[in-house]
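As structure tokens, the next two blocks hold two forms of the same chain, structure 1 and structure 2.
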Structure 1
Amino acid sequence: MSDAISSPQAMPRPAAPRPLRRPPNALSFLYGLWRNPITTWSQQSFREPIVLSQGVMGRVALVNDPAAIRHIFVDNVANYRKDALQMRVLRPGLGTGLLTAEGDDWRVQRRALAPLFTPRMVAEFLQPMMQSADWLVQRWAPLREGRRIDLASEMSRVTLDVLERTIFPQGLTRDPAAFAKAMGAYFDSMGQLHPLDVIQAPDWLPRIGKRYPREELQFFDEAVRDMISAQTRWLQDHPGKPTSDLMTRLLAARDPQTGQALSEISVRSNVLTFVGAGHETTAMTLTWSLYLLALHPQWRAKVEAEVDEILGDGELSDEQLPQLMRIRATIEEAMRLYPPAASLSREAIDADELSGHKIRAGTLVIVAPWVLHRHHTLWDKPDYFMPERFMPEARESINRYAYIPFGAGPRVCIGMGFALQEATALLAKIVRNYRLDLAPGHKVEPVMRITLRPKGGMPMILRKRHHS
């Protein structure tokens, strides 16, 4: 079967806000950030290698030049730290876990947790991931043909199930659905950028209109406390039993210089970091992948043929994963058009030079996958779904730093291999058993709230695929 590049004239344009003609003024920029940050980019952002500006956020550099991106994340990484605004959004819930820690604190945590994500460990997680996929197939089995479901919340639920079977095998001590809901509510409220936070107004000024997720934070505190005591008890009851889950690693981690254990706060922060960073991102990747498949029935038929042939009614093995090339291309193209982490940012510590421009110390440097992945100089027909570009031969010509759904350099996503395997296994199993179509009358709108998600969920029509 041919995988030739589809003709864009005949193709629908996946949902996305149109870039502004001109950069917005300060007020509409702040309003846009509050409503939906991906609506604030102008046409210039999608065409220039670097856009420098001075406004309510101080000096800002939006960087789209792959060489400069490599410079920021790899070559001169020591000069770029995570900025105050993202810390303000993430730290109330995630504390100083791996995602938000800096310097030595980060290094100790990364070293302690890296062994949980080696290719060998990730391969061992394939079986529990397939169990989660089976669980989902069973969960949908009793539903009536043509039933409308909210795919976004279904995907959140199943990716949390994966975390429970892999890195949290002693469980989350709470109903996973309640955990998923609390994390969603936390992202919703903290991820909405309040104008006073953007301009870094003092804390005592009330953030009118912003809901502080007090209840959710209390829920997390209590759940993590119970998880730590359950794990400590389990370790006492099973002395010498080998186990290498996230909790055990965190409780056993020692600072190589001081020999000190991670504090309880640090353990708590990481548990929430892994729940926060590890389920919604993959859930959204799957949601957008299935949305795009529904929009492109011809490509979907090819993907169905692939899983029917390779997966059949059996279990997925390690060797089969790389054969699912169309599944993988769909996932990668979905993360290009809808990167779950749509904007990454850093602050320049000292002055530097990027793409031939002087960057002053203190500049906020933004590398936004949303913009980069739709940049007109880097992609052919950037706003269209063309998964063929991620098929093996074509993929080689994509610049490593033009496509960064998982970031890059030493702070690249620790869960990248885990997430790709999980998304591949789940998508293959779903496509093998079900066909999802767009719910008539629903307008899909991507909105950024820490992760990029469909506003109001993703209602879809579920049908069983009947195969001989």
Structure 2
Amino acid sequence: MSDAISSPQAMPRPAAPRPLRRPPNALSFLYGLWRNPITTWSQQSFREPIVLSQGVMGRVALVNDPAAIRHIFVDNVANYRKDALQMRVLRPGLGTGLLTAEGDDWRVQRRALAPLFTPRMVAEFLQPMMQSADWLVQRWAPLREGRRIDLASEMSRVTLDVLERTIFPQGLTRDPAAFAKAMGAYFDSMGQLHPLDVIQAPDWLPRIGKRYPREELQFFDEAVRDMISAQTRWLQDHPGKPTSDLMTRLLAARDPQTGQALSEISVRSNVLTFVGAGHETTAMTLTWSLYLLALHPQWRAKVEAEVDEILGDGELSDEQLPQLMRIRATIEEAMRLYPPAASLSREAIDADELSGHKIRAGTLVIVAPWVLHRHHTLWDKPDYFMPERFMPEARESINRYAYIPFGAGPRVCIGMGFALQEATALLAKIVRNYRLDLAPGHKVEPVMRITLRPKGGMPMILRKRHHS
């Protein structure tokens, strides 16, 4: 049976703002960044390999050429550091963990944490991930047929449950619903780019209209401190007892070159990173995957058939994971259309050259997966859901640097394997037991708030699948 979706243009176009006919003026650009940054891209951005511009953010280079992207993230990575605006957005909530650290601090952390995310280590977490999937199935079981739920909220809740089972053996030390609510409020507030931040105005100028999430940041800081303290006490009370959770491994992590343990600040920052970046991106990937399946019932039927055959009534095993090819293709296509990190940016330290274009020192270099993954020179029918492009026979033809949902190079997301395994396990279990359809009357709108989130949530209609 062919996996191709016939006439993708005849299917609904997944929700996305239409590119502007021409680049916006300064005021329109600042307003667009404030409201929703993915609305600021013009048609030119999706058709040219490199677009150079001069505006309110200074000199900017938008890069969509895979060879140039490799140069930025791999070949000349030392010349491209994370920029000030990115740090302003991320550091208040995530501290100086792997996502935001630079230089020697980042190298020490990366060396110390890499052993925590080897394929063997990640495989050990499949069972607790499936326990979380079972928990979700049971959570939904009492709901009446045709119940309307907010899928985005539900996916946030189940990925928090995964964190409890894999990272925090003593629990979240806070009500999970309060945790999810605080996380959503943090991303909504900190992810909104205020015009004064964009133009790097001094901090003493008030950011009118922007709420600083002080309560949420205090909530996370206190919760993480309590989780670390609880696990430290448990380890002291149970010396020598074997554990496999990520928190214990994090506390025991050492730089293999120096034997140096992570500082207390680094431990806390990386726990915040696991909770913030890790849980949120997987929750949104699942949300967009189920949205796309609802939009394309023809492909959903193929996915359901695959899951029914492979999973049956049993639990998912390590050996079965690679067999869920349509599930994996759905997830990868969802991350193409709705990449977890819609924009990656760097500042050029010294002058450089990218694909024949001179890059001055201080240039803001943007590699935006939202644009790259929809670029007309790199993808066939880029605005349409075509998961067959990620099936094994077609996957090899995709340029490594044309598809970067987890970044690339030395700073590629360390939790990529963990996230893909988690998303695969959860999506397979959901599809096996339930079918979700779009709630009538709701307009889906992706909004960039650090991650790509559906504005107003993702209301969907929940129905149980009846198996023979």
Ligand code: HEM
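Please note that residue numbering is based on structure 1, beginning with 1 at the start of its sequence. Since the model is a prediction, treat every value here as computed from it, not as a measurement. C-alpha atoms forming the largest set that superposes within 1.5 Å between two forms make up the rigid core.
- Structure 1, not structure 2, is the form predicted in complex with the ligand.
- Relative to the superposed core, A253 shifts its CA atom by 2 Å or more between structures 1 and 2.
- Put the two forms on the same core and the Cα of T100 is off by less than 2 Å between structures 1 and 2.
- Taking the rigid core as fixed, one finds a CA shift for S266 of 2 Å or more between structures 1 and 2.
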